[in-house]
Ligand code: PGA
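Here we start with a single chain on its own, the form predicted alone, put down as structure tokens.
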Amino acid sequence: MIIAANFKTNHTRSSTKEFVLDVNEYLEANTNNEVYIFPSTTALDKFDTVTNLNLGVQNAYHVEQGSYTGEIGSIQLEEFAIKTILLGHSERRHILKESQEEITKKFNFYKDLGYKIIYCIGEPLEVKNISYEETMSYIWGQLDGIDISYENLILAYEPVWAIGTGISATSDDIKAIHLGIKEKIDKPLLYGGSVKVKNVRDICLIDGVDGVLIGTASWIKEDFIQILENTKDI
């Protein structure tokens, strides 16, 4: 299983270090899961970790360096040996208004650098309520311009309507979309949408689910370690 934690705008440099080192200590003896942690940019650092624990960046611009106020480029990531990036997250699409064209530029730039890319897709409630077919059409649109054959690609399906809304996707909801995607794309496919300690195991046992991308439930290290414990034998 692939278990990924997205810290979003949470944690500090100090608390991130404590989190990473404690998770690493757990992983040294307890699981074969492939684990990713995406801290805030200011908390990036070099850590001596087991091979199945990887740190990534939540966002970066499609440049090495340059005059782009407020952005970071690949030269800043190289300092910390970062080679993993999260792209297309629903909050960047819907809150920060990042277009498919902009996301594609980032994808192609970091693909050319050989980065592991966790690429997010998912529909809002108004699309889901129309039909399954409309949902799948919306998802395919989010893959426009994306090289789905890229060897270092991991997909993450995040229904926007199930993130921080109190509404949870059913097992049938998750299975239907994951299997629909898998019919066309042979890549690891994570689920992200109100994943919690109590439901993570059941989600990871659904057909077509290769792991989870977790937001809120991953911010407390004890909860995240419990998530790893709950999924270590799947």
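For every residue, the number given is its place in the sequence shown, counted from 1. These figures come from a predicted structure and were not determined experimentally.
Below, we refer to the form predicted in complex with this ligand, which is not included among the displayed structures.
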property	result
Of 124, 164, 141, 114, the one that lies within 4.5 Å of this ligand in the predicted complex (heavy atoms)	164
Check all three, 158, 194 and 216, heavy atom within 4.5 Å of this ligand in the predicted complex	yes
In the predicted complex, segment of 88-96, 74-82, 146-154, 127-135 with a heavy atom within 4.5 Å of this ligand	88-96
Contact label in the predicted complex: residue 8 to this ligand, heavy atom within 4.5 Å	yes
